[in-house]
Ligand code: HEM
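The chain below stands alone and is given as structure tokens, in the form predicted alone.
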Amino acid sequence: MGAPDLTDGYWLYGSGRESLYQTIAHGRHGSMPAHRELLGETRVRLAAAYVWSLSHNGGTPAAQAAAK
């Protein structure tokens, strides 16, 4: 099945920061494990913010850096 494209506008469970947090912290339907216990609260929020940034404000981090 492969990994989803995190830089496009299509998100199966929503592209909001809270939705991303829920996905990372609590997992999704047995296809993605929960990571809150492993990462902790702060790192889950940082990971969610990073994933969100991939499809907002210029796409990939490389594209964002090139735009500066």
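Fair warning: this is a prediction, and the values are worked out from it, not measured in the lab. One rule holds for the numbers: they count along the sequence shown, beginning at 1.
What comes next is about the form predicted in complex with the ligand, which is not displayed.
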Arg36 versus the ligand, in the model of the complex: is there a non-hydrogen atom within 4.5 Å? no
Although the partner isn't part of this model, could you tell me whether Arg28 comes within 4.5 Å of the ligand in the model of the complex, counting any heavy atom of the residue? yes
Give, in sequence order, every residue of 5-42 that has a heavy atom within 4.5 Å of the ligand in the model of the complex, or say none if there are no such residues. Leu6, Tyr10, Trp11, Leu12, Tyr13, Gly14, Leu20, Thr23, Ile24, Arg28, His29, Ser31, Met32, Pro33, His35, Leu39
